[in-house]
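In the block that follows, a single chain appears as structure tokens, in the form predicted on its own.
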Amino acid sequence: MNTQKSDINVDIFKNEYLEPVHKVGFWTSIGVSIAMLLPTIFLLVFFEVFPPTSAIWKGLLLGFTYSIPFFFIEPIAYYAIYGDAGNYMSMTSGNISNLRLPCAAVAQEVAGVQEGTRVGNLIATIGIAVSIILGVLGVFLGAIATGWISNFFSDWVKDAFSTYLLPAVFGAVFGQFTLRGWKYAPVALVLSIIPMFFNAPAYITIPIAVFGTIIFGRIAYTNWGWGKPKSFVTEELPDVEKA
């Protein structure tokens, strides 16, 4: 019997949490977008350095072929896990699939809450916020120490990090979510492997895997009852006779 429920009032969650999140998130996103142009403006104003127009268009076209699919895929695929505030923070801080998403999932796992719920939304937000704070500290320390420490690594250790670190993170995330819904894991895995077998680029492989798994999950939920919570058991109270 499923007895888990959210203890957050819908109106309070919407008015006191979501509305401020969207206000702050909107202007923060605008500010981050402007800040990304500041280095280019600095080089132009102080050093009169500016790339040729042909190089700009070439770079944009190459970038768009890869980033435009993810512009639609990532918010849809990740939103159910980390919610509104997590989406704003993740999109502006980066490292979503290899850092923000795992941190949100681990935070929910430790707290014992379900993704897609209001409580899960809040827990994921806390996990991502902590990951950003520690990430800034880690990048600062890493920029100072990593270069020096890596000089003592053997070549095979460096190759192992560059080759297997990111796949290991993705594998761990896949394994964690497999434990939550193991019936869907083989389908997601097959939908990922088939495009890779034909050497399809990432912007084709990922949409097939993401949306294919979503469609299969919807069909399984609607027609086969996979993932549906069991009905709550309610106790019928005896009628009270009116005086």
Partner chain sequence: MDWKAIANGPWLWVCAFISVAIGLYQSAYFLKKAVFILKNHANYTDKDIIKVVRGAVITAFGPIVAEIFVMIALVVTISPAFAFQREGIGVGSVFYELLMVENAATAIGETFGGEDFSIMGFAMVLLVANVSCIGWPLGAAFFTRKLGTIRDKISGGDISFLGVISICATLGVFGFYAAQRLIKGGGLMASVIGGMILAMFFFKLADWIHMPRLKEWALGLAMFGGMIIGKLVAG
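None of the values given here were measured: they were computed from a predicted structure. Rigid core (definition): largest C-alpha set, two forms, superposition within 1.5 Å. Positions refer to the first chain, counted from 1.
There is another form of the same protein, the form predicted together with the partner chain; it is not shown, and what comes next is about it.
- Under a 4.5 angstroms non-hydrogen atom cutoff, the partner chain in the model of the complex lacks F198 among its neighbouring residues.
- Of the heavy atoms in Y221, some are within 4.5 Å of the partner chain in the model of the complex.
- The partner chain is not shown here, but in the model of the complex it comes within 4.5 Å of a heavy atom of V24.
- The partner chain is not drawn, but in the model of the complex it has no heavy atom within 4.5 Å of V10.
- Residues F70, F71, E74, P75, I76, A77, Y78, Y79, A80, I81 are the members of 68 to 83 with a non-hydrogen atom no more than 4.5 angstroms from the partner chain in the model of the complex.
- Once both forms are fitted on their core, a CA shift of 2 Å or more is seen for V157 between the shown form and the other one.
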